[in-house]
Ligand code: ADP
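So this first bit is one chain, no partners, the form predicted on its own, shown in structure tokens.
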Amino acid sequence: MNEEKKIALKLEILAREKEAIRRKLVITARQLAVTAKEKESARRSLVVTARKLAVIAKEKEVARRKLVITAKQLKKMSETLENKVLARTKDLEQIRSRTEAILTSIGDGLVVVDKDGKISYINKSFEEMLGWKSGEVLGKSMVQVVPREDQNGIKVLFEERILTQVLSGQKFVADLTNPFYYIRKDKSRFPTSSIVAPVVLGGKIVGAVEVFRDITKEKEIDKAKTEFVSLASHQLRTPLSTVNWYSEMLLAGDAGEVTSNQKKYLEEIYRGNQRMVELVNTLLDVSRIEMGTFIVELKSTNIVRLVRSVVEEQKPQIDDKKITFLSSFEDNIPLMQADPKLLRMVIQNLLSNAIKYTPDKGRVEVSLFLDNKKNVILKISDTGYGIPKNQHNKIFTKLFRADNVIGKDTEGTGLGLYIAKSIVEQAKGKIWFESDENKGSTFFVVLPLRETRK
């Protein structure tokens, strides 16, 4: 019995162990199932990843092939571009060489300066006329390398050089009517006329170009013409004075009574002769100015009284054209050292022009005042025909008359403003104007006071 219990107990223990083993096996089977499921999922992920990698590999191969094609295209484009650059460089070199040859061949002197007035280029004519070589002047100031003098041998100040004026903002300056002198390397000088224009880049002045020429021959020819005009004018004065004298006698009845028709003809002869006398006197004034024989007699001058006197002389013309005339004179203008005869000529020319070229019922204004620098300023304005803009730079030249007034006044000589400018500049003054066609003009004259005691 004890034996049976033992066997039964052993069998029960074995049964329990089997059950425990069974349960472990169940758990293990479950775990294996889970693991298999995870492995399947991992396998599927690997399959997907493999497919993606295959796609990426394919895309990379396509991209590689494209890169190979692009590299070949870039290489071809690079070669084409390089060939074009070489061809363009060759063309530019030819253009530069052609331009250089043209500039070198120009008969006029040519100089290019930067914004500081330093020389960056000169041509062959510059070297020949001034005696400087390119290597000696490049990078140096044009104003210092090539001094400028006026006709009297006085050195022109830096701020008065036309090159300086252009670099400071003026668009264009031509100095053709008043020749100046350039000083060569060997200190000799020659008369010159020049044109200076700014070099503009991006709306800013970055330099200037000056073209100048030696006008020695022109000066000699002009001098010969001036001497001839002077001689001819002197010779004409005697017969003209005779005609004037006899015309006055006939009109006065000294040679007997004249009929109304005869008197009309004699008056025409007298007026025509007066115009001729005025022209001859003007030509003589011009020749004296140009030959330097104009005698300047400085006197203590009351410029206010002088202007009033000229205005009074022009009163008949002012009244005849019904012009509104206004005048303004500053009270404290002192006596000044000037040649009253020459100063009168300046005032007469400017005022008579203002009246002559202003239509009936227009307006003319004359004012006289002092500026801060103790200069006397004469200002004459009108509402007349004005001056065409494209002829502003010619208005002070000898024998020039603006197109818009030639048909309105056939008796003008084109010498008045030339004479006025010559006289003003001889007195170390300045003259300029502002004008719009069909709106009028304003002329300004600035004269150094050179005050004297009253």
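Since this is a predicted model, take the numbers as computed values, not measurements. Numbering starts at 1 and runs along the sequence shown.
If you look for the form predicted in complex with ligand ADP, you will not find it shown, but the lines that follow are about it.
- The closest non-hydrogen atom of residue 413 lies within 4.5 Å of ligand ADP in the model of the complex.
- Contact annotation: residue 356 falls within 4.5 Å of ligand ADP in the model of the complex, judged by heavy atom distances.
- Of the heavy atoms in residue 427, none are within 4.5 Å of ligand ADP in the model of the complex.
- Proximity of residue 395 to ligand ADP in the model of the complex falls within the 4.5 Å heavy atom cutoff.
- Look at 70-78, 145-153, 191-199, 348-356: in the model of the complex, residues with non-hydrogen atoms within 4.5 angstroms of ligand ADP sit in 348-356.
- Residues 382, 386, 387, 395 are the ones in 363-395 with at least one heavy atom within 4.5 Å of ligand ADP in the model of the complex, listed in sequence order.
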